[in-house]
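Starting off, we have a lone chain in the form predicted alone, written out as structure tokens.
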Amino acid sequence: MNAEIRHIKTSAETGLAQEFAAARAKLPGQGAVAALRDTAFARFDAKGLPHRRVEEWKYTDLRALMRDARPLAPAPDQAGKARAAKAGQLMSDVDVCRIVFADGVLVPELSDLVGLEPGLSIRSMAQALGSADPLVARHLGQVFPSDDAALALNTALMGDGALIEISDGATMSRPIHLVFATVSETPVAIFPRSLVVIGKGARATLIESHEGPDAVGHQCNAALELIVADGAEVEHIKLTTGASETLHISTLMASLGADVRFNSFAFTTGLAVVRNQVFLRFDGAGTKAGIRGASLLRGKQHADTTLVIDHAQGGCESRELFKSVLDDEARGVFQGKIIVRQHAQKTDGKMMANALLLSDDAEADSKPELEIFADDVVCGHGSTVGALNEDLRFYLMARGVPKHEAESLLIQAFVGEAVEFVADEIVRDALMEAAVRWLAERG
């Protein structure tokens, strides 16, 4: 006799099921979109929140970290919109096309939606879902199929977000800055979903900012699908700051065509729990991609970077470099997997994760992996965990540099090795200034 094993639902899982049941008829989209939601929630409901026995989530036990489910955020009021207007200040010195979301809802009066550059279209994802937009019908949920439970939950409850299309050959002179501000004064949950389609030979920079108020335990589960056509050049920057009590999960799914130049950088300096997932597939030959990031954590903050880089076509190059600075009882996690398919010959892939521990109580977990099914490749991975170099610190202090300043200089140099790959000089300077402010706040 076989005993049936039943999954005992947690309070959070029960709450999420109740939220979906209550909101299902009100969420944007009917027909195929509604069916997509139902299928996604059934997949999540069968799996439940990911936990330490799920290999991809072994270092970030979401079932333990997420004790309850916050209610879905209502539409922001005027006070909330006023708070959203002040968000995204990290990029205040950068001339951007600014698109603002308050509690996951597009705020047109705060956004640069009029007079867009030639070849650029920006629309509300909620409106596109409700109107059966052909771009959504063709691409939503198709960019990088995954059975990840957190992504399934986003698909089930996705609300608003950005639908961006850039025409073939168009060059964007200004970065497009998506500002996601959680502004409610009581804990809420938001599920932004964005889709970006970039045409052949186009040039663009896309910036995402996610932030919210301190001491309010919001929950954010965001997803961005990115399709980059042949010959395009794209830079993607993701900023996760502030909101010390927030739980934040983000998934980037990207499909790259042939001869693409793609760079992505994730910068994290706050939040209680952050999980940045990147699922990227090379769908054309001759493409080069750089996936990099830096995390600066203190207190009991937890940041997890998880990558799956799928070399589905040959002759491509990928570079991954992630830096973590961990103080107090902070925990940094890096999981990276490079997959080289059997026919993807001439692949060149290299992955490195470096963690700098500033405290005996800090923790770094690293799990780089290679899955190689081709025989003509150059691939490698590495990982280091250590403290500040005592010799270098002594060298600086012996020349009159105070201890705290000497440590800050060494940490800046450590983080700068990753930040220097950001192409836009003004954006690069803004990231380093944010790192300097974080260091100045160290006890």
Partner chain sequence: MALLEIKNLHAEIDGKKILNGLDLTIERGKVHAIMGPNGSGKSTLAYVLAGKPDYTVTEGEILFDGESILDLAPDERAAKGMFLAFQYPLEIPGVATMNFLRTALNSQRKKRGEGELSTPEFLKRVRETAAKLNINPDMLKRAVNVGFSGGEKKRNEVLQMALLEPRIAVLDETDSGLDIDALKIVADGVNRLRSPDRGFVVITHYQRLLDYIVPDVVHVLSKGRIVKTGGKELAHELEANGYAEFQAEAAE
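This one's a predicted model, so the numbers in the text were calculated from it and none came from an experiment. Numbering follows the first chain given and starts at 1.
Form predicted together with its partner chain: not shown, discussed below.
Partner proximity in the predicted complex, defined as non-hydrogen atoms within 4.5 angstroms of its partner chain, places exactly one of 395-403, 60-68, 30-38, 379-387 at the interface: 395-403. Judged against its partner chain in the predicted complex with a 4.5 angstroms heavy atom cut-off, the residues 77, 82 and 100 are out of contact without exception. Interface residue remark: residue 409 is counted as part of the site for its partner chain in the predicted complex, having a heavy atom within 4.5 Å.
The closest non-hydrogen atom of residue 413 lies within 4.5 Å of its partner chain in the predicted complex. Contact between residue 55 and its partner chain in the predicted complex is not found at the 4.5 Å heavy atom cutoff. A residue is said to contact a partner when one of its heavy atoms sits within 4.5 Å of a partner heavy atom; residue 391 meets this definition for its partner chain in the predicted complex.
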